[in-house]
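Take a look at this one chain, the form predicted alone, written out in structure tokens.
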């Protein structure tokens, strides 16, 4: 049977000072932001806030300085992201580009692509969305049907992408699609760097259960892409996208989505919680401590240049389980009705978390797909 490990990461020098600096910055920036807004950290879109992070060098932290980065460690970047999410900071504008699009460009992009885009991403001025999921395929990326066909000047794209977060406010999409008709489900795919202002691209918002419109359907109808839009190697899309997903699935966002609710739950329980409440809180905190340890290990592996796709899948799956438990346990412990828009902070925070929790085991790869990846990695299938 195969196995994989989670080696302990090395604590980087200056990490404690960096954490203190980030906390001070967030205490000032988020002082007037109520918990009912901070619970929306994942979907909280604030371009001005992202630019402030860029000015402080907290976007693209690990990238080479020649591309706008700061050449800091993956664990230092982890500290910044962990503090942002725990505080409920609005990260939606920049974090897809920071988390995975930028690293993918750094690894697979041409020199022209890197010099044109990476400094703008690091400055918090260029935002990306992900073109992976499609209707009728979901997390099964091998079932992708959107197709790019060669033309005299480049490529022509037809197809539809779904659940594309903030496509309507992004500058670019990294598109995953078919470029040949080979029988191998994992072959014949490529990735493209798509300027979303090009003709032939229609972006339609999709309302989620809470009424927010950060999801989108993106339709390509004979959309022309220049030859320079190809990202990486033609036909190598599957391998590239699997490497990209290791970045997407491994971070603290996979267990901190409902952390603000946990903080508000502790506040709502007061200074004399019941034995049942103490037992529940103790279990949740222990689970979060373990997930944090696993997730930091993945950051350390990424720092070493490894491709911890299996470890990231495990962290994502376990993290989603805990994230989905917190709203349900909060409802059992506090006798109040969850309600969006309520003047009662706990009601409002709980209402938002409950409506969004079903998506936690879908985004970044469904639970079933991830467990199949883990089983395959362990040699069980």
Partner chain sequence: MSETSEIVRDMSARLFADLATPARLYKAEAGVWDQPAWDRVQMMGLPLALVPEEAGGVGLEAADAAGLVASAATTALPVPLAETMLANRLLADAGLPLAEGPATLAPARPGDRFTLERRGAGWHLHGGAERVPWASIAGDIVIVAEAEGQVLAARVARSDVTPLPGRNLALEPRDRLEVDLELPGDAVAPLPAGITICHPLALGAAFRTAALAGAAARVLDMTVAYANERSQFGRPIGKFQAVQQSLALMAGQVAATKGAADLAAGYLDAYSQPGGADPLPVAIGKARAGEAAGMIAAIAHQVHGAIGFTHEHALHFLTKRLWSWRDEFGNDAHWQRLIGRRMAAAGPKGLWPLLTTL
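All of these numbers come straight from a predicted model, not from anything done at the bench. Residue numbers count along the first chain shown, from 1.
One more form of this protein, predicted in complex with the partner chain, exists but is not displayed; see below.
- This chain is displayed without the partner chain, yet in the model of the complex the stretch 278 to 286 from 235 to 243, 278 to 286, 184 to 192, 143 to 151 comes within 4.5 Å of it by heavy atoms.
- For a residue to qualify, one of its non-hydrogen atoms must sit within 4.5 Å of the partner chain in the model of the complex; all three of 259, 290 and 375 qualify.
- In summary, among the residues 76, 212, 83, 125, the only one with a non-hydrogen atom within 4.5 Å of the partner chain in the model of the complex is 83.
- Note on contacts: among 230, 219, 196, 294, the single residue with a heavy atom within 4.5 Å of the partner chain in the model of the complex is 294.
- Heavy atoms of residue 263 reach within 4.5 Å of the partner chain in the model of the complex, making it an interface residue.
- In the model of the complex, at least one heavy atom of residue 270 sits within 4.5 Å of a heavy atom of the partner chain.
- In the model of the complex, the partner chain sits within 4.5 Å of a heavy atom belonging to residue 314.
- Although the partner is absent here, residue 17 lies well away from the partner chain in the model of the complex, with no heavy atom inside 4.5 Å.
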